[in-house]
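Given next, in structure tokens, is a single chain: the form predicted on its own.
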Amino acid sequence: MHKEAFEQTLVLIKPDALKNSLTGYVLSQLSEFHTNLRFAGTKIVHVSRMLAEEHYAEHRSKVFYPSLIDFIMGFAHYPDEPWKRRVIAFVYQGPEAVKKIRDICGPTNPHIAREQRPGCIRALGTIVPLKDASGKVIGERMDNLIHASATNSDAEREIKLWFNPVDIPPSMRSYPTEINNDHFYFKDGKLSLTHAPDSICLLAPGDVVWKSDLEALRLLYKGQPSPCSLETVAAKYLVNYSQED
């Protein structure tokens, strides 16, 4: 099979789409009939703060960042209903997967989407003004219903963040995997190979993991520079682990 057939992209149906019962509409727009792409993985995710912060890491210094984190975690739309805070995550696969899904979603800004691409998914979104303690508008948050990877490199980072290899059928995995041979424990932002009280087992012997994650953990344990942080690896292997956030 040609390499192009294995191109993948991440899609997230965000809390605002769920709140407004738009899941069916979004899925119909993303169907194989419209895209000629295949579902490679899907899951319902309770978004932890760690996962949210890793997903939106590039926006950490921006004024809308705290609101963005609350939004993707579900606090903005379900402040008093924690059991409803969730995101539906998908991996789509096929030729030009990134471009096709981005085209169906439309422009990131819902106002621009309505002007330039009426009928696209994000045309149904909205803009929320952000105010400081005095009521002054200091920015805005785009509630645009759906996330789609912007580039192939973004897709790889995001898919590996939201999905473990075992969430995707072996024949549909686009990135190298490896069978882990060690125990890796996580506690208070630190990594260990031995269990301590209240530590969490990230990986156990026999687990199938992304090869890049295993390489990162080995470097981190040795105190050597790693292409990603411990939090980045921990966030993905602790998806749906806790409902505290």
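Here the structure is a predicted model, which is why all the values come from computation and not from measurement. The first residue of the shown sequence is 1; numbering continues from there. Definition used throughout: the rigid core is the maximal C-alpha set that superposes within 1.5 Å between two forms.
One more form of this protein, predicted in complex with ligand GTP, exists but is not displayed; see below.
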Within 4.5 Å, heavy atoms only: does Ala89 come near ligand GTP in the predicted bound form?
no
Is Lys84 close enough to touch ligand GTP in the predicted bound form, meaning at least one heavy atom pair within 4.5 Å?
no
Answer with yes or no whether His147 is in contact with ligand GTP in the predicted bound form, where contact means some heavy atom within 4.5 Å.
yes
Is it the case that Thr108, even though its partner is missing from this view, gets within 4.5 Å of ligand GTP in the predicted bound form, heavy atoms only?
yes
Within 4.5 Å of ligand GTP in the predicted bound form, heavy atom basis, the matching stretch of 205-213, 180-188, 50-58, 36-44 is 50-58
Ligand GTP: the contacting residue among Ile168, Val98, Ala123, Met142 in the predicted bound form [heavy atom, 4.5 Å]:
Met142
Let me know which residues along 59-83 have a heavy atom within 4.5 Å of ligand GTP in the predicted bound form, or say none if there are none.
His59, Phe64, Leu68
2 Å or more on the CA of Gly139 between the shown form and the other one, with the rigid core superposed, yes or no?
yes
